[in-house]
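To begin, one chain is listed below as structure tokens, in the form predicted alone.
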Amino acid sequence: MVTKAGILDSTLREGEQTPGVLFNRSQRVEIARMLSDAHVAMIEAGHPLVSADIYSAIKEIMELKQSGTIQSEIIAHSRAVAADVDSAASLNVDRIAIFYGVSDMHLRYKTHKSKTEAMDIIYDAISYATSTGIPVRFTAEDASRTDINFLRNIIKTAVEAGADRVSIADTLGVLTPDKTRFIFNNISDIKDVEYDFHGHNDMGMAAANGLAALEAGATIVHTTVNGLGERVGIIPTQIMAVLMKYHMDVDAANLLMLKALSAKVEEYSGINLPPNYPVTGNYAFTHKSGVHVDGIISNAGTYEFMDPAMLGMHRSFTIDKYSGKHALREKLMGMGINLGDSEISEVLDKIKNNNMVYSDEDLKAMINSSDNQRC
């Protein structure tokens, strides 16, 4: 079992690469504070050379870090060029993260470099960054489509240049858990380095791949609140935190903060989550089927993987034609209404003859109507 593992939240960098999403300075700082309050190990605060507002936001975040308000490690993103490294270093961040595409596809069509030239560029950029005295992470972009032997050489080059962390990026989201384990199992023998995993969700496998990476030796998984990011995004922070707690008993984040974080990022990003979104969606602990509700009333573990109170959330039942007597009685008792068995049956018959979902007000009106009819 992995005992040393954590989350790097990249909402402020990867998350802002979501189409249509732009955070202002105050929003960036507030999100960083909330992530730190949620005990996230690392925060990727942005790419400072992209714009002046990102630079100034990271500067303010670092001032909060120096004052002790923010506790998480703060990371600045950087291309493998001196100007980017200088910009990040001027902010005195906790770590500089240099990235470079290493797959044949990227080398041929994006950077137009040979493998030897790529390794030289990576070595020089990391060496230059480490000369500032700031720790360096190297991200092997498109690592999942890179020949494993060349990937090993890239990692060794990065470590020799001074990087103490290497991120394995599934840039197109093409991995499966088995293929993820294959990569990490084949690089785990390289010494003096710890591994991150950065998984995109193009095929819906990102969270499963992140868990597989941790099980195979990664110590940090990259996430964003609500799964924001390029195209369809990366691993959602709230999902990864719960996966790590449930499957590994690792407290990678304060679970009680996840709902508030999700809501805040919804507000600032303008991207609303569907109610059936995992973990923090409004329906995450809402039960409908009569059979399910009967089980929940007897023992919540029958249909809930975790007590919703651990996430600062509440269990609820919907009332419609699928509901049973136990669900209706429990719902009404929660509203302060106690009915006998015959009355419950009478109300339930009416519910089952109508194709609608009953709100609290609907139920009150139905019961009041029944009472008036009896009078």
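Start at 1 with the first residue shown and count on from there. What you see is a predicted model; the values in this text were computed from it and never measured.
What follows is about the form predicted together with coenzyme A, which we do not show.
A.B. asks: Whether Y195 contacts coenzyme A in the predicted bound form should be assessed with a 4.5 Å heavy atom distance threshold; does it?
C.D. replies: So Y195 does not count as contacting coenzyme A.
A.B. asks: Any of the heavy atoms of E73 lying within 4.5 Å of coenzyme A in the predicted bound form?
C.D. replies: Heavy-atom contact with coenzyme A at 4.5 Å: absent for E73.
A.B. asks: Tell me, yes or no, whether T111 is in contact with coenzyme A in the predicted bound form, where a contact means a heavy atom of each within 4.5 Å.
C.D. replies: Answer yes; at least one heavy atom of T111 falls within 4.5 Å of coenzyme A in the predicted bound form.
A.B. asks: In the predicted bound form, is there a heavy atom of coenzyme A that lies within 4.5 Å of any heavy atom of L49, even though the partner is absent here?
C.D. replies: The answer is yes: L49 has a heavy atom within 4.5 Å of coenzyme A.
A.B. asks: Just give me the single entry in I134, V81, A260, I190 that has a non-hydrogen atom within 4.5 angstroms of coenzyme A in the predicted bound form.
C.D. replies: Of the candidates I134, V81, A260, I190, V81 is the one lying within 4.5 Å of coenzyme A in the predicted bound form.
A.B. asks: Which of these residues, F99, Y277, Y268, Y123, gets a heavy atom within 4.5 Å of coenzyme A in the predicted bound form?
C.D. replies: Here the answer is residue option F99.
A.B. asks: Among the candidate stretches 175-183, 151-159, 99-107, 252-260, which one is within 4.5 Å of coenzyme A in the predicted bound form when only heavy atoms are counted?
C.D. replies: Contact criterion met by 99-107 only.
A.B. asks: In the predicted bound form, does each of S144, D202 and H222 have a heavy atom within 4.5 Å of coenzyme A?
C.D. replies: Checked in the predicted bound form: no contact with coenzyme A for any of the three.
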